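Shown next as structure tokens: one chain only, the form predicted alone.
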């Protein structure tokens, strides 16, 4: 079924869109978005991990964002430069009045990275709760057409560096215990049993975790059946069980900063913790840095030995 056929089938009353401002909070429900697909003040962007997912069918009107070319500076090992990020959002027709909604595969794994980058650059991007998984499970429309929007002009503010941790911040947290480090990788990565998930290319020569870091795997914040975030009270309980309650600054990290963006979103945007930074250098930077101590519970310290 095409998007136009679906739109006609849901009836005029259901298709009447609410104002973009009616969607409050950091998460967007699929049912609301389905009624606002033609709302000119809503712009949807897909940031997926697996290649070809967008091309096979996406939320109608969604702009395809390639995380490792559009959101990353591949030469500087950095997030996208202000100049390149500005080009991205202007090409998508985003203005100050636009409600920006990001979604993707793998329970919004890389979409959360996109949301973090957008927030660094002053755009309060929202996530489609449940991402592709929930959208497809509900039988909501998919389209293969690539949209084109009238380019906008956007006065981009300076990057909000309070959302980003650098290696010096992490070293200070280790030495002074002035912040809680949250390692959101799997238990096997955290313990040093494995260096990284199977098949990935970004590696550290050492396995283990940053000393003192707590391990709360990112996927624990998600309902496995729906791909949606757990209810707010359950999220709070999950993190509080590890002593993470917002009373102390938090730094999240993973391997290259993408999975930890998901936890950053849960803590900073959903739970509203006031001081949460994402360390996008993460284990590939820390674990490869000469002279820094690590914790390794499995004894696999150097090159798998």
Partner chain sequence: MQRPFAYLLALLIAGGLAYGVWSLAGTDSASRALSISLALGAMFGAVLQRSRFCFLCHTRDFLEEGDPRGVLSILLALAVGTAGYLVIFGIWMPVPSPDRLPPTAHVGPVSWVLAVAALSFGVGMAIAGSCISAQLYRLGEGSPTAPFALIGTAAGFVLGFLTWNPLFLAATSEPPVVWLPHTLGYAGTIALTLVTLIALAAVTLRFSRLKRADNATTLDIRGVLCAVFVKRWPAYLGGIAVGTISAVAYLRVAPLGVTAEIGSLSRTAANAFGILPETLYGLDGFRGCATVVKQALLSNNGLFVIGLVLASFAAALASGEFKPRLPRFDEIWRGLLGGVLMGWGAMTALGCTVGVLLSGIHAGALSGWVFLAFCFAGVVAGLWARRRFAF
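Since the model is a prediction, treat every value here as computed from it, not as a measurement. Positions refer to the first chain, counted from 1.
One more form of this protein exists, namely the form predicted together with the partner chain; it is left out here, but the text below deals with it.
In the model of the complex, residue 275 stays away from the partner chain, with no heavy atom inside 4.5 Å. Although the partner is absent here, residue 144 is a contact residue: one of its heavy atoms lies within 4.5 angstroms of the partner chain in the model of the complex. Shown alone here, residue 66 lies within 4.5 Å of the partner chain in the model of the complex, counting heavy atoms only. In the model of the complex, the partner chain sits beyond 4.5 Å of every heavy atom of residue 153. Although the partner chain is omitted here, in the model of the complex all of 55, 136 and 198 have a heavy atom within 4.5 Å of it.
Figure note: of the listed segments 260-268, 26-34, 241-249, 45-53, the one touching the partner chain in the model of the complex, with heavy atoms no more than 4.5 Å away, is 45-53.
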